[in-house]
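First, one chain by itself: the form predicted on its own, in structure tokens.
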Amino acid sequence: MNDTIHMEQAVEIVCIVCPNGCRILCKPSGDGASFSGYRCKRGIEYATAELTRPMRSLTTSVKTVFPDSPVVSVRTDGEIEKSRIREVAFALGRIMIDRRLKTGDVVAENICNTGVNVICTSDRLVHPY
């Protein structure tokens, strides 16, 4: 993990931590970056994380063997590095669910060695519509 900020030009990041949606202007400085436009320190923490190691949740669907529900919705139960989203999505594309899962059941444990599980977000497989 590299927590060093390397910027060549100013970047604007919209903070999503709270409802304010601050537009944080991040400018390169001698020791990393300077920040302006934030209303609280959480904005600085969010902008720093976005510049050093952006993280995301992934929500998608996975194929099943059930004709009444050919796909089921899933999501990560934590955040993964943004740079690994494609890898995780590709791995989920190879999964075929063959058991009746309910909301919260684990579909893939420690997906792609991220330390994050993928869980089912629907009861569609136990209560088909």
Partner chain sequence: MIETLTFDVTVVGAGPAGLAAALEADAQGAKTLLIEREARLGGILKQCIHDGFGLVRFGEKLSGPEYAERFMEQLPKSKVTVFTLSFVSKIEREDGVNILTLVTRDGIRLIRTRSLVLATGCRERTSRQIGVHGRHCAGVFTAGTAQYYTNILGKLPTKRCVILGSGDIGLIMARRLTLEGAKVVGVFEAKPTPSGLTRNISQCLWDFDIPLHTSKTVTRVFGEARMSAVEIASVDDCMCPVAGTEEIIPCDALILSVGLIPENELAESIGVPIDPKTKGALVDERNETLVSGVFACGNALHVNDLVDYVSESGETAGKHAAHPLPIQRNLVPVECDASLLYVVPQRLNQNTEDTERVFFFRSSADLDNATLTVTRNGQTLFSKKYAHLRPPEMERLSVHLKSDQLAGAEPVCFHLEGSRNE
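Residue numbers count along the first chain shown, from 1. Between two forms, the rigid core is the largest collection of C-alphas that superpose within 1.5 Å. Keep in mind it's a predicted model, so treat the numbers as computed, not measured.
Beyond what is shown, the protein has a form predicted together with its partner chain; the following relates to that form.
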At 4.5 angstroms, heavy atoms only, are S29, E45 and T48 all close to its partner chain in the predicted bound form? no
Although the partner isn't part of this model, could you tell me whether V14 comes within 4.5 Å of its partner chain in the predicted bound form, counting any heavy atom of the residue? yes
Counting only non-hydrogen atoms and a 4.5 angstroms cut-off, does S34 reach its partner chain in the predicted bound form? no
If we define contact as a non-hydrogen atom of the residue within 4.5 angstroms of the partner, is C18 a contact of its partner chain in the predicted bound form? yes
Taking its partner chain as it sits in the predicted bound form, is E79 in contact with it (heavy atom to heavy atom, 4.5 Å or less)? yes
Let me know which residues along 72 to 105 have a heavy atom within 4.5 Å of its partner chain in the predicted bound form, or say none if there are none. S73, R75, E79, K82, I85, R86, A89, T103
Is T114 one of the residues whose C-alpha moves 2 Å or more between this form and the one not shown after the core fit? no
Checking C40 here: with the core superposed, does its CA move 2 Å or more between this form and the one not shown? yes
